[in-house]
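In the form predicted alone, a lone chain appears below as structure tokens.
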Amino acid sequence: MSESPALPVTLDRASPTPLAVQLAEELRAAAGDGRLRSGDRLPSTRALAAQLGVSRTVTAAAYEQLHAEGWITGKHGSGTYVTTAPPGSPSARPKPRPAEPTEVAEVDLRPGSPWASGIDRSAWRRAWRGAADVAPLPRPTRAGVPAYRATVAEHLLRHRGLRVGGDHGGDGGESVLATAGTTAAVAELAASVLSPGDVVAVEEPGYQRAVQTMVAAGLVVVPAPVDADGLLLEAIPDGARAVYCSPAHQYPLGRRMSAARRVALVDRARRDGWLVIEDDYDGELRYDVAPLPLLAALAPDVVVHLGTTSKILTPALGVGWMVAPPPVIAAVLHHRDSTGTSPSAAGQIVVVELARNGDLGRHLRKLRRELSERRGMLVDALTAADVRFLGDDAGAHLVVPLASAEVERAVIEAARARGITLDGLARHHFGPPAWFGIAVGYAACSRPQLRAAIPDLLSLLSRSSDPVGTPSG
């Protein structure tokens, strides 16, 4: 093991940069470019302070920073040594690199992604620090962390008008199950409540990840068309066991199910023994009027309500929730217990901390304001260009109908050539496509990106949009 080398350090006492920061930068640069090598022993903080003519506080602070970054390590009774430079760590004095060709930045206008960049980083760090203070759980929580379930119950009451567990006292959390997200919840329902061969009616077009999850579980999926009022009940076959729908903001068409259709759906569900799976993937994002009552509020005895944090926060948390009748909750819990599965607690605890600090509510208010303004920008541009579009004043996407699959593909390809990624309606069908168009998302990109992309988008859509309309059934 090598002895302490003569350190290649020069400090500028006239610089406004603190001496400890300068020293750390000099040592980091030396370790990064090979002047200091792995295994080199460094002088003690006292010896280095004397060598440089600075206080020991300066050298101790510099060593502490480098130790935290992984550049040096201390060995008890032996001294301080340089370690191998951490992979990917830049040196303080990077060598100039030849200029690389400038590439056009991709603008992602696909729906389904949240405004993750809008999460306040201070609030995000605060929530994770708070979560780190929670003692590690000795056993898995099959139903979910109790504090998370209570947080979801309060969230549903405040932002979706759904009171859960109110008749039984408590905080309502006993009526809520934590999930790993909507698709994971659908998989659990397919495995615990439904059986292979059961018929499930799904919206057409609709959310294909949920559909494919059902197919993988052996369920018989029957696509049921939608019109301006939502799912067509007459298209649901006799003998259906369940119905999957997104009544608050139909995915991907962006419409809401009418009040009359909601009442008719739950009435028939009770009469025919359907289990209604209500996917409320972005129900918090409404900008015009108060949302209609959730199906779970109208018929808690036959409706399973699913929600997620992936559209209002980030899919990185991997958490959602389920509100369901007691027999469904019991079946899901039995399935989790028998298979040894349960949703991860880490994301749940972070959501609890965000809510406890008031940061979740502040983020939702900021999110609604930002997405409402983005939507207004896009709607104004489409209206001025006389481009027809579909979708309520809600959510994070709208739809521009097109005449055919060929036109849809051509628009997507032309947009890709201009650095814009779009999503078409054709792929959202389980059966033969009947709707064609572009689902334009406005949450994943930045606002400047959206503003810059709108002229290209209009030039493509104004020549291709469908002036006649698309199917209504």
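Computed from a predicted model, the values in this text were never measured in an experiment. Numbering starts at 1 and follows the sequence shown.
Keep in mind that the form predicted together with a small molecule is missing from the display, and what follows is about it.
Between the small molecule and the residues 144, 254, 247, 181, the one pair within 4.5 Å by heavy atoms in the predicted complex involves 181. Think of it this way: in the predicted complex, the small molecule has a heavy atom of just one of 281, 148, 115, 71 within 4.5 Å, and the residue is 281. At a distance threshold of 4.5 angstroms between non-hydrogen atoms, residue 375 is out of contact with the small molecule in the predicted complex. Looking at residue 175, you'd find every heavy atom of it more than 4.5 angstroms from the small molecule in the predicted complex.
A residue is said to contact a partner when one of its heavy atoms sits within 4.5 Å of a partner heavy atom; residue 311 meets this definition for the small molecule in the predicted complex. Of the stretches 267 to 275, 228 to 236, 181 to 189, 283 to 291, only 181 to 189 has residues with a heavy atom within 4.5 Å of the small molecule in the predicted complex.
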